[in-house]
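Only one chain is included here, represented as structure tokens and corresponding to the form predicted alone.
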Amino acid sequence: MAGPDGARELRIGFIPLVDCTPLVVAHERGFAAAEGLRLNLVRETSWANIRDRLVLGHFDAAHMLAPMPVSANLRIGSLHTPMSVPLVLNLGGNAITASTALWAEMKAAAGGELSGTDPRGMGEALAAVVRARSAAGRPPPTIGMVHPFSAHNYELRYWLAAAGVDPDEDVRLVVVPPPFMADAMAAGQVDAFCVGEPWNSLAVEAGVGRIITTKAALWRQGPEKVLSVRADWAEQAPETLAALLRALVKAAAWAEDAANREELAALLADPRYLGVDAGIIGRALSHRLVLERGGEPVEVADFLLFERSAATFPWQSHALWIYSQMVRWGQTAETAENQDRARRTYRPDIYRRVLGPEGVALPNASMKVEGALKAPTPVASSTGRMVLGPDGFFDGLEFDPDDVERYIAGFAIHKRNA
């Protein structure tokens, strides 16, 4: 629908997180208006609301968890309709935070020598706590995550299982909306959680939690939020979608520029968006997190990327890794049809068709072996100037999208075919 100024109005749902940045910047900095669009950004609390309102046509597009459109196309979960992902909004941006009480238990289990954010050391300490609680007849730790079809769920499970902790048997995983995480920890409802920023830093600042590791440490440059649209809408409104993609890519580039961080933090701090102190928001944008209240900031490489390293490109290997975890944890069956449905959810063809003429660098491939890049690596592209960053998993494993079955079969802890 066109507004009074003739601009095409788009209603887009988002959750108050730092990674909604490209949408906010596209609206506030005029990139959408320059494309003839007026963005009506609608703040929601839960991911279930975001999904349902997109399915029901209340939204034209949505800031969405990277696995959620895949689950919709696999017809698992509740409401679903075919969805498309023509663009990724960010890589990284999550962290895992333990309550101060759990952190004290973990430090004691590690002999008092625990520090930093190393996933292996943190996982071993948590595993020791799990065993000690079980031996003493105490309840297992309760860990919050934002949705069953979220990167948070799969990151937690990947990390716990690598430490020998069965996420379905040895701990209790519960769903908590992102804005309520710090409150849930303060109320003693969860012992730890995995969520995007700024909610980890707010728990730290409130003195109720300690950041113990990050998404970037678990899977460097892993996908987090995507732009999701209904597949039928993408077919019916290709020019409007193209205008939105052009605006978002320009917004992502603006947000990635360190010179704009202070202004960006102030934009996000507005009560219409995050309603959080700009100084807290600035930690994620600067890749420098304060792990515990009163501590010095710690550099986290590639903590949150919007545009660098082809961050906006919808790699189909990302979609297939997500599918591999859905199979691993018994959420869907392992079939050739399901694998193809998952892969085709991400739409590099739309991205290339729209952004190629704009001079955006396009990788020649749509899939890559995830975890194989150990250092910044030039790759073949449309412009010859694309460099991808390190993308390793903390356990050194690699994901070959051409051999998904072998990858899934290699995990000792799983619920595959359960």
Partner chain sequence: MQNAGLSVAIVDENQMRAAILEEGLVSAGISQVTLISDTTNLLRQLVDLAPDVVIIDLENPSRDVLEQMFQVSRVVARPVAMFVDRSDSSMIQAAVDAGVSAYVVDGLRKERIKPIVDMAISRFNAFSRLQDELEKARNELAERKVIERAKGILMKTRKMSEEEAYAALRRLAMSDNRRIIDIAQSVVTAAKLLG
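Positions refer to the first chain, counted from 1. It should be emphasised that the depicted structure is a prediction, and the values quoted were computed from it without experimental measurement.
There is also a form predicted together with the partner chain; it is not shown, and the following applies to it.
Handout entry: Selected contact from Leu114, Leu173, Val208, Ala243, since only one has a non-hydrogen atom within 4.5 angstroms of the partner chain in the predicted complex
Key = After the contact test, the surviving option is Leu173.
Problem - Interface residue in the predicted complex among His80, Arg343, His287, Arg133, criterion: non-hydrogen atom within 4.5 angstroms of the partner chain - result: None of the others qualify; the residue that does is His80.
Practice task
Within 4.5 Å of the partner chain in the predicted complex, counting heavy atoms only, one of 99-107, 261-269, 343-351, 143-151 shows up; tell me which.
Solution key: So the stretch in question is 143-151.
Handout entry: Contact test in the predicted complex: Trp254 vs the partner chain, heavy atoms, 4.5 Å
Key = It does not: once the partner chain is placed as it appears in the predicted complex, Trp254 has no heavy atom within 4.5 Å of it.
Handout entry: Glu35 within 4.5 Å of the partner chain in the predicted complex, heavy atoms
Key = No, Glu35 stays farther than 4.5 Å from the partner chain in the predicted complex.
Exercise for the section: Give a yes/no on whether Trp233 approaches the partner chain to within 4.5 Å in the predicted complex, heavy atoms considered. Expected result: No, no contact at 4.5 Å.
Problem - the partner chain contact in the predicted complex: His63, any heavy atom under 4.5 Å - result: His63: no, not in contact with the partner chain in the predicted complex.
Exercise for the section: Scan 36-65 and note down the residues that get a heavy atom within 4.5 Å of the partner chain in the predicted complex; none is a fine answer too. Expected result: Heavy-atom contacts to the partner chain in the predicted complex: Thr45, Ser46, Trp47, Ala48, Asn49, Arg51, Asp52, Arg53, Leu56, His58.
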